[in-house]
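Before any questions on how it binds or moves, here is one chain, the form predicted on its own, in structure tokens.
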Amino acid sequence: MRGIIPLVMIACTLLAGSMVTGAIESSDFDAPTVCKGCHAEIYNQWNGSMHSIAYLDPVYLAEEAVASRETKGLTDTYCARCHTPIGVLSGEIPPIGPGNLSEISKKGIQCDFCHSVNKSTGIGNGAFAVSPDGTKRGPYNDSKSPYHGSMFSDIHTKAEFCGMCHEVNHPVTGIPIEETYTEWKEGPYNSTTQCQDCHMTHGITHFEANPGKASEIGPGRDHVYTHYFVGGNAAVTGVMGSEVHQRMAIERLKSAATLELVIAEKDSEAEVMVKVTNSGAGHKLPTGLTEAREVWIEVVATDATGKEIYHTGGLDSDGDVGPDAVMYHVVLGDASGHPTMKVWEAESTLSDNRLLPKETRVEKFNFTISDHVKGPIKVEAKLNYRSASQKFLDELFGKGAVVAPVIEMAGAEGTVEVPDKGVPGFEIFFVLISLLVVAYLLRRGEK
């Protein structure tokens, strides 16, 4: 039945993923501002993060609306379960939309939700179980509070906690939509580094201890997990007005990869070898919403006058990356085998050429050096990133309505020395002069 997904099958799958034991109300959870009373620093780190705006993210809301309309609401709880878990657990969704949610549910991935998670029921698709019983679960075994009970939770220190949501598979076809956890699990860091070691410390791509207090009334600790939850989304954090999280996202992107440049010139042909390495990410580059994310190489060569003689990886008039660019991303296929950015249509993965953790690839680019080029030639290579392609944004918001910034993750420069071929036409000029001299001498001889 290729291309035909029974609606009842989707419905049963999605409902199974959103069922909870017992009745839960959004009022069973504390608002983040309540937590702020004792955890002001942690609250300020979280506020403005992608976790705090997980449901108010305009890109998510726009895509959720399209998915809901095209599947007649069958994706509502499936998607929202990780973007507003309290909204789904309390039954406020479906229907979708911020107008249907309580203020607590609008806070996305908030304090009391995470610290009420009491176990994982698996990896991916929102495989969490919660117990909003007033006891807060976390990474310390000696926490005491006059307001709530405290309990050590080993899973809060493990990548599996993050893997409950940062791993998404199509509920019917099983096609991977987001594999951040698996990318880490199958990579070289799985025995040494947890997600929290990079995304909840001051280290950008490594663990860095953060001495301090988790609570103003708590004990001093050698390390307190930060709650910025910084990834690579500088676009949405910027749109939502969080300059701190936008700046940190850009810093993280610039620390994730390196570029090296080797240039050779032979027979009026330049060969540019760009060595790109995923040097700082514990997962593939890019990760997350990989059908929308774009990472690509841009190479520009200019002569001594500043004239551009070669360019690949630039943006065209529509804001799209040129088709000749070396692009690292995922292409999903629909039932007909055509590329689609609508994950609910995905029935296959057409291609996935993203960079594995610690992987190095060498990409080659060639261009001709004409006789009229004035050297030396300057060659610039960049590894660019943007959170969503222009085509993806145009489909959601209308042509040109929203533009994601292009961020340079890494760069390298080199030069090509152009051999001095003399003044153009000098040889001909010399021959003509010689002929004139010979003719003059011959005429004198005749006299």
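The first residue of the shown sequence is 1; numbering continues from there. All values reported here derive from a predicted model rather than from experimental measurement.
Note that the form predicted together with heme C isn't included here; everything after this is about it.
Asks: Only one of 258 to 266, 313 to 321, 71 to 79, 328 to 336 gets a heavy atom within 4.5 Å of heme C in the model of the complex; which is it?
Replies: Result for this chain: 71 to 79.
Asks: With a 4.5 Å heavy atom cut-off, would you call E298 a contact of heme C in the model of the complex?
Replies: So E298 does not count as contacting heme C.
Asks: Please run the contact check for L89 against heme C in the model of the complex: heavy atoms, 4.5 angstroms, yes or no?
Replies: Because no heavy atom of L89 falls inside 4.5 Å of heme C in the model of the complex, the answer is no.
Asks: Going by a heavy atom distance of 4.5 Å, is S150 a contact of heme C in the model of the complex?
Replies: Flag for S150 set to yes.
Asks: So, in the model of the complex, is D57 in contact with heme C at a 4.5 angstroms heavy atom limit?
Replies: Answer yes; at least one heavy atom of D57 falls within 4.5 Å of heme C in the model of the complex.
Asks: Considering heme C in the model of the complex, which of P132, P176, P94, P139 comes within 4.5 Å of it through any heavy atom?
Replies: Selected option: P139.
Asks: Which residue, M50, A410, A404, V379, has a heavy atom that falls within 4.5 Å of heme C in the model of the complex?
Replies: Looking at M50, A410, A404, V379 one by one, just M50 meets the 4.5 Å heavy-atom criterion.
Asks: Relative to heme C in the model of the complex, which residues of 78 to 116 have a heavy atom no more than 4.5 Å away?
Replies: Residues within 4.5 Å: Y78, C79, C82, H83, P85, I109, Q110, C111, D112, F113, C114, H115.
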